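Read the single chain below, which is given as structure tokens and is the form predicted on its own.
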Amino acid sequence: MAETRPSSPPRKPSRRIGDPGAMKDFFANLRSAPQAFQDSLLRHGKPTSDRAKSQAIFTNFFLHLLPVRTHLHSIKAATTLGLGVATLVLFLLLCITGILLMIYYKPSIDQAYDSMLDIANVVPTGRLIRNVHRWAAHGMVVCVILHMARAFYTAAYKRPRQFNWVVGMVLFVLTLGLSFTGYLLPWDQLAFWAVTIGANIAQSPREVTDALGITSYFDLGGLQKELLLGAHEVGQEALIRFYVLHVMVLPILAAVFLGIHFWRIRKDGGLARPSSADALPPLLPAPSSPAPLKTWGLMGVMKGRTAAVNLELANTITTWPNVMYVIGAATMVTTLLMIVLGTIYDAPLKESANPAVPENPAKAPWYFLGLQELVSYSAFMGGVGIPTIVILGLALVPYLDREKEDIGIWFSGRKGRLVALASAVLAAVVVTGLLWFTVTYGWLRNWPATSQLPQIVITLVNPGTALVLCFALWSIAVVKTTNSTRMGAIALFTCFLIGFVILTYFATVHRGPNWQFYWSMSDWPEH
């Protein structure tokens, strides 16, 4: 049979030069240009059908990170508490307000503080923008921590989501880095001495190299401090370095990993949910015929004529516009909260940085205050050793806890809730007791019998390592008692979470000048 070729479309007759029809078409095209642009941008028409709703996701670069259909369980408030969306919104708020602040900010030690005064007192709405930026930074740290806790307690790190948990840990570190690098930019006393503390922590490995007598050959602490500050002290080089990290390097990395994080959520099957969430609704019984087990309708997202097709779409809704309403609501609530906080509470700004007049007490940002409490006993273990152990330990959780169990259930059921409660009580008693002991009796250097111990012993044997050892032993005991690595992971994570909260509170409220203990800030001696 001879091959038939499709006929080409008829050609329009060519027009002669000066033909008024060309100009008529030109003006008609000019009038319809806005509609033509809209049609080229939104090529699927209004999302009034399942097909158009799915195409709204397929053809949009930003929405393509979301699935075409979303499980009903994923949009319940109790599933995520809106923490993931809130974190993303806060990051975008930080980018927007940060760009506005960059217009007036001058990254120079001679002009940075004055530019902050201008932003607060001269630039229209400058004070509000800076306040929102500050509150969004704190809010992002809180939301990331809570989001990580939610994912952990619902076992959302289990296969196939192990890698995405690691990506989340990277985002957690980047969030802390963003907040810390931005802390120096106002160039006031609070910022200068907080970063000075951070620089000394970066130099803390020198405790170990000094004890081993190898600092002259291998000064890791000095190298870390110089990489952080670009010099030996906090000055112009540090300000420029922190500025570049804060406004360019870390935001770009955070945006890249956020994209990976959301993409992996989609590719790993959506948010973690229990098997009970996939139960068929009464109006959609399982097909009686064994075949076919799986078929697809158009694009795998629309209802078809066979029971297996509809089975695939059970308990799901189109992402556009249903999920977009939920995301929009969370966005508005988060933004409104930041504006309200920024209107009521001003971001702190103390006197201009003065290296000759140290702050007393000089405190790190609140999310590092728990570590600063441990640093007061050992700078290396409190500032480097223990954080490294915790971060690496959390990143390894998905690869150490491989028990096959139903995911998406808080604390993995009743047993997990009991383990978490017992671990929280144990951690509260141990941390509070250890703080009372150190305040009352001090530590090794304060005892005559051990005051001459080698520096390496003082560095490694401190309250921080005692807490980590106690928590680890408790976790091992839980694993042996329950015969479950998942229960052991819950125990260890809960201990570290409660320990972080108590240490942060203690260093915030009860540590005053010279890092002495006071019942309240009103008891601090007047200068």
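Here the structure is a predicted model, which is why all the values come from computation and not from measurement. For every residue, the number given is its place in the sequence shown, counted from 1.
One more form of this protein should be noted, the form predicted in complex with ligand HEM, which is absent from this view; the next part is about it.
The partner is absent here, but in the model of the complex a heavy atom of W165, alone among W135, W165, Y113, Y153, sits within 4.5 Å of ligand HEM. With the partner omitted here, the residue from V85, I119, L374, L228 that has a non-hydrogen atom within 4.5 angstroms of ligand HEM in the model of the complex is V85. Within 4.5 Å of ligand HEM in the model of the complex, a heavy atom is found for not a single one of V430, F500 and T504.
Here the chain stands by itself, but in the model of the complex one stretch of 412-420, 99-107, 264-272, 241-249, 264-272, has heavy atoms within 4.5 Å of ligand HEM. With a 4.5 Å cutoff on heavy atoms, F172 counts as touching ligand HEM in the model of the complex. Contact annotation for T334: none of its heavy atoms lies within 4.5 Å of ligand HEM in the model of the complex.
Among residues of the shown chain, T316 is not one whose heavy atoms approach ligand HEM to within 4.5 Å in the model of the complex. Not displayed here, ligand HEM is kept clear of N131 by more than 4.5 Å at the level of heavy atoms in the model of the complex.
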